[in-house]
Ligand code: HEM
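Coming up is one lone chain in structure tokens, specifically the form predicted on its own.
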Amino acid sequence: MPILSDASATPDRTIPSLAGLPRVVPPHRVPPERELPLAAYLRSIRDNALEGFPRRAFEEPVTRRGLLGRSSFVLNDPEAIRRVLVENQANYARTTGTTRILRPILGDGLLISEGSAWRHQRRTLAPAFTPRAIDGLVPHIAAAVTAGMERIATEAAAGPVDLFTSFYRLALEIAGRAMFSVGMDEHGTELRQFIAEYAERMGRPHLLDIVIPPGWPVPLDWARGRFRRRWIPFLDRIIAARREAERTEAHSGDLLDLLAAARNPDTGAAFTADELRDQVATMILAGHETTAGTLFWAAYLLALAPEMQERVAAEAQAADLTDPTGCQSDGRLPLTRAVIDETLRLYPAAFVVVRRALGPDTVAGHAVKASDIVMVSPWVLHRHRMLWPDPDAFDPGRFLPGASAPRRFAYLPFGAGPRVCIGAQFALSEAVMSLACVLKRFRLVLDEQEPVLPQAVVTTQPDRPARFRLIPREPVSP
């Protein structure tokens, strides 16, 4: 497909505090003019789901196509999205393919569970993710970021840096310290190998994952089962090592402590050992990969917009990042936070929410039948021509204090309704803090001319490694 890139046109809208900065449109593939043929569409689901949305999906409130004997809808009407994710969410369940792919690595944790099991987990976990609880985890985030900056500085001194890999390791270190109070030096390499193996071989959706009914095995299920038989003992070893370390080391309120102490407020029930392990897997995997992607895309956007980058760096240099508690929510870093919010608009980690209708419904005037597929794609929604002015442009001013708030259910980086991401506050805290620390210390310059394009299979990631030159900044005198 052709690629668009425009950094010179006149902006349709500016925010006064950012007036005068050049308009920047990151490179992106032009959507196909028409729906892909079925075979090509199914290949896009496996290889890069973003290529499966035609132009009209970005222009019309609801689009429909036939899919293997049923209908598939893409919703971009906020009221239709409210209907599916909030008002009648009980009528819409995860698809067989989603569950089949994610359960071997996430178990029956919060992301996968349904019905009463999900309600029990959500109620039990909620106190561990309040703003006050997240503030208690910030010292662990800060320790990981400090250590990560030293590693990145060492890499930068040797030449151009693959920032996605660097941010991946940083996000994994943050997840490990927040969960276990300790770094991932001992287990990080093996954990990365597990994740890479699953993502490459077993985490990509295939046709049989979609069409075979639940309970019927498909060929990849055997490989996924073998993976899980190695994966569970590995997770148990990490948890056991953390428990053993409690006897000799001090641990200050990490996430494992919060999960172990959590009780369902209705029943008083705690998590079983298996449930606790599944929550650990969900929090580490769902958290670190999405954060790594967000940090990479923020760095890429700021490298394309050097004037904006300097504004963010000046904000970071003026802030006291040695006291990081609440730094992303107490007004110290409003532009950094706006950059993260705009990054999540242009490159939402969770690029699509897919649901299967359990019974008939009417959504935005469209008849939805049982077994029809309903999709809410933040990738499409956040670039929709009806909902956003100049939707393809990088404009953090949309999210600065004083700007008009996005329309309800038009901006969903963490989902919506009862199943909104419980870790959103944690994710924002680590992303804002990490980006501020990087820009306070380095100026980011792309070391190559080839555009980096988004590729979405499980999350939205760069289609190839991109190398950056990290130029040290002069320290700012107090």
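Every value quoted in this text rests on a predicted model; they were computed, and no experiment measured them. Numbers for residues come from their place in the sequence shown, where the first is 1.
The same protein has a further form, the form predicted together with protoporphyrin IX containing FE, not shown here; the description that follows concerns it.
Only one of the listed residues (Val380, Val353, Leu333, Ala80) places a non-hydrogen atom within 4.5 angstroms of protoporphyrin IX containing FE in the predicted bound form, and that residue is Val353. The single contact residue among Leu111, Ala305, Leu346, Ile195, judged by any heavy atom lying within 4.5 Å of protoporphyrin IX containing FE in the predicted bound form, is Leu111.
Judged against protoporphyrin IX containing FE in the predicted bound form with a 4.5 angstroms heavy atom cut-off, the residues His28, Pro54 and Tyr411 are out of contact without exception. Among heavy atoms of Thr282, some come within 4.5 Å of protoporphyrin IX containing FE in the predicted bound form. Taking non-hydrogen atoms only, Arg237 never approaches protoporphyrin IX containing FE to within 4.5 angstroms in the predicted bound form.
With a 4.5 Å cutoff on heavy atoms, Arg419 counts as touching protoporphyrin IX containing FE in the predicted bound form. Using a 4.5 angstroms limit between non-hydrogen atoms, His120 is distant from protoporphyrin IX containing FE in the predicted bound form. You can rule out all but one of 103 to 111, 213 to 221, 389 to 397, 359 to 367: in the predicted bound form, only 103 to 111 has residues with a heavy atom within 4.5 Å of protoporphyrin IX containing FE.
In the predicted bound form, the residues of 276 to 300 lying within 4.5 Å of protoporphyrin IX containing FE by at least one heavy atom are, in order, Thr282, Met283, Ala286, Gly287, Thr290, Thr291, Thr294.
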